[in-house]
Every structure is written in structure tokens, then in C-alpha cells.
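A single chain, nothing else alongside it, follows as C-alpha cells in the form predicted alone.
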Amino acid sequence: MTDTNTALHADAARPSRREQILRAAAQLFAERGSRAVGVDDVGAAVGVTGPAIYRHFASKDAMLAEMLLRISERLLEGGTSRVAATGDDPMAQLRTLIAFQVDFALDNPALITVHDRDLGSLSAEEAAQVRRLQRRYVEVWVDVLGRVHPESDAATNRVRAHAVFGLVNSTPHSAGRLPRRRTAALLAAMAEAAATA
């Protein structure tokens, strides 16, 4: 298994069995869709029987919910902490957010695919939780963009933020066509151009 989709891990170097299961499920869900993957498939991917998965998760839907909640929490925590650590320069904060989003997208392509395709499969309560976290992450961007573009209103800066997400999060469709460093630099430059337009 590759070292992708590590946003699911508290310690990427030493993922717990639960985190290994989530990473395998993310890859399988991205390849086939969550509805086409069984618990036995996930178990086989991590070298356990399907029923052993139930020691860690109540159901396949519980895996999907935890996966999408974790990545939303990681984005919010990561974006917030990076902006706070960057200082007061709005352009430096924007570049930090862009670099964070680019790294997240390149390091977690299956999670982006699963989120795009399977968010609607969550229960209403779980989907609302994910969306609340996502809105808070968007507002981190809107706040920074408001300082970059003091002449723009929040709605305009929200559109800018979503444009950047759309551009950067398209990477599952193009990842691997260029070396990672070149891809990251290209995406960062394009995202900055979109965010500062």
C-alpha cells in the first residue's frame, strides 16, 4: 500500500489498525464507489477477515462517516494552525493555505474522490456535521481573502475560495502525469492566480 491518504492517521509513520482499515477503505471506495465495496473487500485489503473489521467499525457506513469527518477536521485544523503560524501578512497566509491545500490534495487523492462521490451516502446528521466543518474551513479562506481583497465582500471571496478548491481538488484526475514537485508548483501558481484575480 502506498503512503497516500495519510490524512486519516494521527501518526502517518505508525498508523493504527483502525487507520489502516480507513486507508484501505478510502482506496477501495475511490476505485469502486462505497456502495460497490463490501466489508470483506476492506478486510482482505488489510489482511484480516471481513468480520474482524467489526471490532473497529459498526458498519461500512461508519467507516465512510469517520473518513469524511476526519478529513474535514484535518483540513480545518491544518488551515487554521497554518494561518496562525504565518504571521500577519495576508499574501503569506494565502500562500500558506494554498500550499496546505495542494499538499493535502496530492497526498490524499482517494479521499478527495470519496468525498466528491460519496458525501451524499452519509446519514443526514453525519453529512451536516461534515458540511459544518467544511464551512468553517471555507471561512478560514474567506477571512484571509478578505485581507488580500479588502474591496471585496465575503460572498465574492467565498467564490474565490471554492474556485481554488475546484482547481486544486481536481488532482485525482491528473495526479502522476508530472513529477509531484512540478505538479505542486503548477497547482500553487494557478491557485494563487485564481485567488488573487
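All residue numbers refer to positions in the sequence shown, first residue = 1. This is a predicted model, so every value here is computed, not measured.
Another form, the form predicted in complex with the DNA, is not on view; read the next lines as being about it.
Checked against the DNA in the predicted complex, the residues A30, L133, V142, V39 give one hit for a heavy atom within 4.5 Å, which is V39. Exactly one of the stretches 150-158, 125-133, 54-62, 163-171 approaches the DNA in the predicted complex with heavy atoms within 4.5 Å, and it is 54-62. Looking at V48, you'd find a heavy atom of it within 4.5 angstroms of the DNA in the predicted complex.
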